[in-house]
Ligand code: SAH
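Next up: just one chain, as structure tokens, the form predicted alone.
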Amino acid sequence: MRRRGKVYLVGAGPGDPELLTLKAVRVLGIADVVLVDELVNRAVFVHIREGARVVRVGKRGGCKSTSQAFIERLLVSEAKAGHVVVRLKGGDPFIFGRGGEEAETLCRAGVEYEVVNGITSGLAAATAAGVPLTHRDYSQGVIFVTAHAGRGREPDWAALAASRMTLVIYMGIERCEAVESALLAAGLSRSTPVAVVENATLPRERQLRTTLGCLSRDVAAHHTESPSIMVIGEVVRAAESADRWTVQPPMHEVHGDSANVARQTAITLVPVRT
């Protein structure tokens, strides 16, 4: 009798391998197949069961990526073949990770699945910059929003500006000029503070503090690149008052542990054929 397969949609967190959850570690240790996104830190591969098949499926903004349809077909076929499959994503599967689309596909196909949450990069980036996303003196709420809406739809910038809550913008660096213009047109002040964090929680992390009126100019001047998170709102002032802007890099270097390096090289990466 063939073993029943299952899919785990797993969040690998923002980059620092020490932020991986215990449940994610356990699931990686039982997987037969791991479909891994480009932004996942390879240091977490040390937790993958020896002998498991690791398939890189791309997904980095602005670069050639494996199609979402192909990934979903692969999840279904591997699970129906009786395998334990892990779909390993940066951040959290259900926060701009297309986990919802994959869950719908698995449900329609009758495949059992489970979601393992990860720390989303919006939270980690703000923390790295010393910014509390909520604060009684500055903001009573936070909104996560992507600057790249699906099917050509644009976020409702007017409603976002009117909320007066902290805005955490994903995938916005390439559109920061449009974001700046839209929020200014919606009524936000040019002096609204902004924190931009590139490669949050990694040794190569870079931070930029600016204002909404100077956002696109300063991003260009500092050559800020993706992946980056923008935190917009008065709550950024809490980091200023706490003098927290200079943050030490994560303790764990990406390739700092020789045992981990040896373990990583024992894993075979399988090329994707779409």
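In case it trips you up, residue 1 is the first one in the sequence shown, and so on. Everything numeric in this text was worked out from a predicted model, so none of it was measured.
There is also a form predicted together with ligand SAH; it is not shown, and the following applies to it.
Just one listed stretch, out of 180-188, 70-78, 166-174, 131-139, contacts ligand SAH in the predicted complex at the 4.5 Å heavy atom level, and that stretch is 166-174. At a distance threshold of 4.5 angstroms between non-hydrogen atoms, N41 is out of contact with ligand SAH in the predicted complex. Proximity of L88 to ligand SAH in the predicted complex: non-hydrogen atoms within 4.5 Å are absent; the residue sits far from the partner. Contact annotation: S216 falls outside 4.5 Å of ligand SAH in the predicted complex, judged by heavy atom distances. Within 4.5 Å of some heavy atom of ligand SAH in the predicted complex lies at least one heavy atom of I95. Scanning I229, L212, I48, V236 against ligand SAH in the predicted complex with a 4.5 Å heavy atom cut-off leaves one residue, I229.
Shown here without ligand SAH, the chain has T120, S121 in 102-131 lying with a heavy atom within 4.5 Å of that partner in the predicted complex.
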